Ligand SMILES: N[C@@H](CCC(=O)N[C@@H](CS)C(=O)NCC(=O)O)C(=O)O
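Below, in structure tokens: the form predicted alone, a single chain.
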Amino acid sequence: MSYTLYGQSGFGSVCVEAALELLGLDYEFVEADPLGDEANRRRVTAINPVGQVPALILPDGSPMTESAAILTYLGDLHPGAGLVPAPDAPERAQYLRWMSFLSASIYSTFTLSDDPSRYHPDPEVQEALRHSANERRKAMWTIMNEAFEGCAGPCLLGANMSFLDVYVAMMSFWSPRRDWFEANCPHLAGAVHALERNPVIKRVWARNYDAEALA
């Protein structure tokens, strides 16, 4: 039994692609660009009416969306991999806290900045909305970075990587981009560097990011 992942190179589907690879699960990747042409958009909305990726078709044929939820679900299904803390593990609370924070406070800002015309018809207002979303994102990254000052490392939850590291690493490629992230979020960046030494992550990243982004 296999999964089907609807996504687009460099988009939010990257973290689910990485999760499936890290867990060694069989899956098919279907390219579906939510910001692309009409055919692409129809392909996305047929699975996720919100028009966003990732969308994952489970082995029983049911769809699942929302990247943080997908990562946690897959990790809970495969506890032996150790990529999501068990419900009774001391790290579970922080895992859930920061996965939710990333989704609600950082990921959500891209809905506004990627296409502000969905929120207001005036181009000048759109530009103001985009700017506000970008500044809000920087502020949220700074808050999270400060929370991890002095963490034991090398990963965010301690000695072993989790899907929290994957989620942070994926978003670090997005605006305001890696240079800003490296300079302003050193406590998070250290965990990202540790994650990216993993050969599976290297392979997934190479498929999704250009050489300049990976430098």
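Because the structure is a prediction, the values reported are computed rather than measured. In this text, residue numbers run from 1 along the sequence as written.
What comes next is about the form predicted in complex with this ligand, which is not displayed.
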*Determine whether any heavy atom of residue 111 comes within 4.5 Å of a heavy atom of this ligand in the model of the complex, and answer yes or no.*
yes
*Does residue 167 reach this ligand in the model of the complex, with heavy atoms at most 4.5 Å apart?*
yes
*State yes or no: in the model of the complex, is some non-hydrogen atom of residue 154 no more than 4.5 angstroms from a non-hydrogen atom of this ligand?*
no
*Are any of the heavy atoms in residue 174 no more than 4.5 Å from a heavy atom of this ligand in the model of the complex?*
yes
*asked:* Can you work out which of 30, 57, 189, 35 has a heavy atom no more than 4.5 Å from this ligand in the model of the complex?
replied: 35
_Residue stretch of 176-184, 155-163, 62-70, 142-150 approaching this ligand in the model of the complex, non-hydrogen atom distance within 4.5 Å_ = 62-70
*For the heavy atom contacts within 4.5 Å of this ligand in the model of the complex, list the residues of 91-113 involved, in sequence order.*
103, 107, 111
